[in-house]
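Okay, so here's just one chain, in structure tokens, the form predicted on its own.
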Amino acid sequence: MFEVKKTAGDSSWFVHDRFGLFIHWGLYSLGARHEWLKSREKMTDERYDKYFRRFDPDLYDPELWAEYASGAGMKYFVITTKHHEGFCLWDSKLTDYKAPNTPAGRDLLRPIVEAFRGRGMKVGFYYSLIDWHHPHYTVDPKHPLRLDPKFIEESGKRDFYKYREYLLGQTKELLTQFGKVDLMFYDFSFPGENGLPGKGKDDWGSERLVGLIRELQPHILLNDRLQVGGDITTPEQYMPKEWVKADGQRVVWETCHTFSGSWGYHRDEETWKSAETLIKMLIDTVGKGGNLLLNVGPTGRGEFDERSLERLKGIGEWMKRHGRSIYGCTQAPESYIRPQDCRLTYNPATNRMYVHVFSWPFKNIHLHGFAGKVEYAQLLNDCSEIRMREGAAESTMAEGAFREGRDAETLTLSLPVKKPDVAVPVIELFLK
């Protein structure tokens, strides 16, 4: 239907599943005030070490996490194996800065992989290119000690080659010890600023890294933050206005978003989006040919907090009855005109169009360009028929009726006056 740039990895499942869970979990969950707190507060390793010595998620239950995600309709997950702080959730042989050496006393990554995979969900690993703990990671504009003259001087004596080998070695661990990994999300390259150098593909050794990844797991999907292309384009914390393109060509894409403003657990944050808003974001994304990766930041005790659960349950309630307007769907063919206050998604395999009604109108929706193309219409939540009228209206003022503004190309759907009791009503159109 639409020509999309081909990927080196297998994107067939990705463009079908459309909806995934991002999980940001690390030592910063104890600070509970943003995952960048070490950098924001310019903390030394010694000050930050209090979180390492007290990380003990005694209520951690990955089976429950997988249940919540699956219940929300998510089909894949991406977990922060290591975030910018440098702390590793798995039992890496290349560092002591890992979960088994905290009071947690064990590998915390493997149980997550097993729990989510057990529910048929695809496995994704996030890995931070940035590392504020490694002894050979050098100063840059993101580093917590970027304003410390002593650290800047000491940083000049560090051997970044050793960090690059560490990055390569940990990638090899992740791709050889956990079975099939479907997606790798690296984060991130950045320019220099304020007189400090940035870091990019040459620093990370991106070409060599990608070569290793393709050798170990050729099917895997890679994001685009290594500065050497990638299978998935990843806009963050904003909604693209149209299908994302690179060099003028449509690409496989995914936008990642938080419930509020923080990726890690943030106790005092109050800018939480409603379940209805999140559902509309999912619909809008799929209607432009993309995926939504929605983030949860578990607490220091290893739980999804009540605010997260409330929204996951709300999304799941809607997805239970409307999932087929999301899975396998994409942007509608351009010949179909989107009606006011609505979004369209289209399933090319079943030849069904989905009209997502963001603002419920009074009695009618006029679908311009749809006349002669629809065989049957129904509300998706209960499969109740929606009656249709095609072509120009025949009613006259003398008959006590007003012309409805239809023309020969318009299909009019006759709606119930009362909006269905769902967050976003969906009308399923069976196309001829």
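Residue indices: 1-based, along the sequence shown. Nothing here was measured: the structure is a model prediction, and the numbers come from that model.
Only in words, not in the display: the form predicted together with a small molecule, which the text now covers.
Of the candidate stretches 30-38, 362-370, 59-67, 43-51, only 30-38 has residues with heavy atoms within 4.5 Å of the small molecule in the predicted complex. In the predicted complex, at least one heavy atom of D187 sits within 4.5 Å of the small molecule. At a distance threshold of 4.5 angstroms between non-hydrogen atoms, I152 is out of contact with the small molecule in the predicted complex. The small molecule in the predicted complex comes within 4.5 Å of a heavy atom belonging to H83. Residue contact check for V244: none of its heavy atoms lie within 4.5 Å of the small molecule in the predicted complex. Note on contacts: among V123, C256, L94, A115, the single residue with a heavy atom within 4.5 Å of the small molecule in the predicted complex is C256. Proximity to the small molecule in the predicted complex, defined as a heavy atom within 4.5 Å, holds among Y346, W263, Y76, F87 only for W263.
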